[in-house]
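Just the one chain here, the form predicted alone, laid out as structure tokens.
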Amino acid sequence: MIRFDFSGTTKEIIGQAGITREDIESLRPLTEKAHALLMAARKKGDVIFYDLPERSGMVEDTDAMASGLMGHFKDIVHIGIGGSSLGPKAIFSALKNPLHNYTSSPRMFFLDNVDPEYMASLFGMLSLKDTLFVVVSKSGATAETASQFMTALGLMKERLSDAYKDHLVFITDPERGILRQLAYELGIRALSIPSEVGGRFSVLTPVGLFPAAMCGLNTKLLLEGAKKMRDIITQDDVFKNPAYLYCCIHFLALKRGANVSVLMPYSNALYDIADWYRQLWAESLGKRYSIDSREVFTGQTPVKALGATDQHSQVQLYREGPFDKIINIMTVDRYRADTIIPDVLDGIDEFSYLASRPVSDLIKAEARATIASLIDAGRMTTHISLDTIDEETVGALFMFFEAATAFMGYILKINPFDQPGVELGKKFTFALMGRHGFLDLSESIESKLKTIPGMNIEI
């Protein structure tokens, strides 16, 4: 289903900036230890994303709830932020018709930011009696999700009275948190996120599976693709494990100053997977401290790009700018739909070479041209090619990138499963919004937001 070609990162292809097999072999002490630690953590139950495909009860509960609700709602609003939204949004974008919301039902909306104009527009157009709100938060206390839930709840109580409960599904911690408490107290439907799974690794839990099922997608095939990939990327031999190879190449690139990782799919359908990858790679690997509490300030900045669109906006920088990037091109061999370019301007050289050709030929040529152009400039370039885009392939991609990210964290000797850098911003937000227990942070916030005279200019 998926092929990973890293020839474009090698010294044989791009010259002095490239890596060799010996460079990868030299990492063996690191990779062997990282593999052993990761598999030990998996066996202990501390790292369970590998084994989500075997959680049959989770899938059955998810599909059963979706089956009972399908056909009752014209609109579904998915309320969540970060890992609670990026994964399900990526599944929807990859596997549903790109114009689904204009042509089919149920429409799916992802309320993943607290932009007041977008929120007002969305809530203003919904028919609440035809809408299901899916509220996703492990703790339930995330300010953005809480505000959107409260807004939806207020409107539903006003217009639907006690029937509002039938228009809600919570996806949250199995035992703890305010959403779980409300589910018990009010009798609201709820699905569980396994307690050991962090948000950005939760796409193959009900977080991603329930919205997929509600849209008529096959969740079992998503998990089957993930399982097939899992059986490949748990091998200890780096040269037989594409996820470990992806990690090693990025690690070597980082050590050579390539502190930016670009994921550039040549498919609109895969663009939100690049967005999901951006959070996964950034939040997992951007860490100040190592596992032994040393200051390391490590990480690699992920950037999403879209082929062929960003050949006209970013590739100039990638090819001729600083040597601080590794570019990962993702292509599709068989698109699910195609268009033949008609021969309507016969005899005009600027157009005739395109006539009677499928558009897929053009985007494939664009991808190959970009890879060749980057290699010509000595830029580290990998190529991930997919046979087609379907449930199994998407599930496999999630497992591939999650394993690569976890392994990269162990190679860097940091914890890839926490996000301490996010927490202070959350606490400052609570303080600014007047949440009890956080008001003592106000003085600290004001000192950091102090304006120096002469350093602010009105325009």
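In this text, residue numbers run from 1 along the sequence as written. All figures in this text were calculated on a predicted structure; none of them were measured in a lab.
One more form of this protein exists, namely the form predicted together with a small molecule; it is left out here, but the text below deals with it.
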{"item": "Option from 275 to 283, 148 to 156, 309 to 317, 355 to 363 whose residues, in the predicted bound form, bring a heavy atom within 4.5 Å of the small molecule", "value": "275 to 283"}
{"item": "Partner proximity in the predicted bound form: residue 138 to the small molecule, non-hydrogen atom cutoff 4.5 Å", "value": "yes"}
{"item": "Heavy atom of residue 426 within 4.5 Å of the small molecule in the predicted bound form", "value": "yes"}
{"item": "Residue 419: touches the small molecule in the predicted bound form, heavy atom cutoff 4.5 angstroms", "value": "yes"}
{"item": "Partner proximity in the predicted bound form: residue 200 to the small molecule, non-hydrogen atom cutoff 4.5 Å", "value": "yes"}
{"item": "In the predicted bound form, the residue from 194, 82, 106, 302 that sits within 4.5 Å of the small molecule by heavy atoms", "value": "82"}
{"item": "Option touching the small molecule, based on a heavy atom within 4.5 Å in the predicted bound form, out of 267, 219, 382, 142", "value": "142"}
